[in-house]
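Quick setup: the structure tokens below cover two forms of a single protein chain, split into structure 1 and structure 2.
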Structure 1
């Protein structure tokens, strides 16, 4: 995903202004001129300044014709084909699903689902996706839960191989 410099600059300026405004609410140290707000405010000023330069640069490059940088936002090649478009959404989607559901559903079923879905979407056949997903899930569970003693969420299946 390519964004014009001006778009990035605008996002940075808005973010920096919000960050500076919020930082001014931090309390100051007793008897000191500087407090917890100093560094965030300095960082915010830096970001705002860089953002402004990026906006100027972006607008200028957009006015110059024929350098291929005339769009505000250019989606990557992945947006052209529906397959890669869905795959790109799947990665954050599956991870968010894991973050929200792993406590109730558990590691084993979710890891299997994530692996099988991605393997299948990226070109493995249905059967090999299922087999690779099962083997990997069980190996990960054995390695992390049994050998390294990581408390992977048990969920509905309980600790089958833990």
Structure 2
């Protein structure tokens, strides 16, 4: 699959604008000129600039004749297989499901289901997918809860490990 630079640039600009907008919601610190939103906003501005450069470069390359780069999106041979297309859509679909359901269901069961599903769909056996998903989920929970001190959504399981 090949995307024109303008498409990638547009996605980058949209992401940068969303990131900058979210960063402005960070609380300011009393007595300080710069708050916690400064660096995310600077990074967002850099991403937006890079995105604009990619957009310009992509549009210019589409206007140049005979450079073989006249399509916005070129799908590879993998796109002919329905299984591969399902697997491709499964990754963003499961990420969106995690975002929407993690507070209700919790990190542990949802991360296990997502990892096991992805591993199984991408070629692991059912047993190895389940074992790897369990071990990875528990290690991630312990890493975030005990080492990084970042609480993960407890959901229906409560805080089993943390």
Partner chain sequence: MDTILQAFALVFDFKVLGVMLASALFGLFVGSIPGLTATMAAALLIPFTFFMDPVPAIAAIVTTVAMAIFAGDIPGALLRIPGTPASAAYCDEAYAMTRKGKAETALGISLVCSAIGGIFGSLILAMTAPALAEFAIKFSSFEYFWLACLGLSCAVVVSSGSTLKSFVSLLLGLFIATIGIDITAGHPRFTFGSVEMMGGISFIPAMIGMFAISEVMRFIASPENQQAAPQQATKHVFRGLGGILSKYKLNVARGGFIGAVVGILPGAGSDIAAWIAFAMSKRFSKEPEKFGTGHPEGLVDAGTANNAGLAGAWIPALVFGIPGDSITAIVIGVLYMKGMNPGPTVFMNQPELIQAVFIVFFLANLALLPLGFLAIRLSRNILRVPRHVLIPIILMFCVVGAFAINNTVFGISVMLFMGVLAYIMESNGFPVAPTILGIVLGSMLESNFMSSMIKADGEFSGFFSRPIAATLGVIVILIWVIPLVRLIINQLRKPRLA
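Numbering follows the first chain given and starts at 1. In this text, the rigid core denotes the largest set of C-alpha atoms whose superposition between the two forms falls within 1.5 Å. Only a predicted model underlies this, so the values are computations on that prediction, with no experimental measurement involved.
Check your understanding: Looking at both forms of the chain, which one is the form predicted together with the partner chain?
Key -> Here the form predicted together with the partner chain corresponds to structure 1.
Practice item. Superpose the two forms on their rigid core, then report whether the C-alpha of residue 39 is displaced by 2 angstroms or more between structures 1 and 2. Key: Where the cores coincide, residue 39 still shows a C-alpha shift between structures 1 and 2 that is 2 Å or more.
Review point. Is the C-alpha displacement of residue 10 equal to or greater than 2 Å between structures 1 and 2 once the rigid core has been superposed?
Key: Comparing the forms between structures 1 and 2, which are aligned on their rigid core, residue 10 does shift its C-alpha by 2 Å or more.
Check your understanding: Two rigid parts, two forms: what's the rotation of the smaller one against the larger between structures 1 and 2, in °?
Key -> Smaller part versus larger part, rotation angle: 29 degrees.
Review point. What is the C-alpha shift for residue 78 between structures 1 and 2, rigid core superposed, to one decimal in Å?
Key: Its C-alpha shift, to one decimal, is 3.0 Å.
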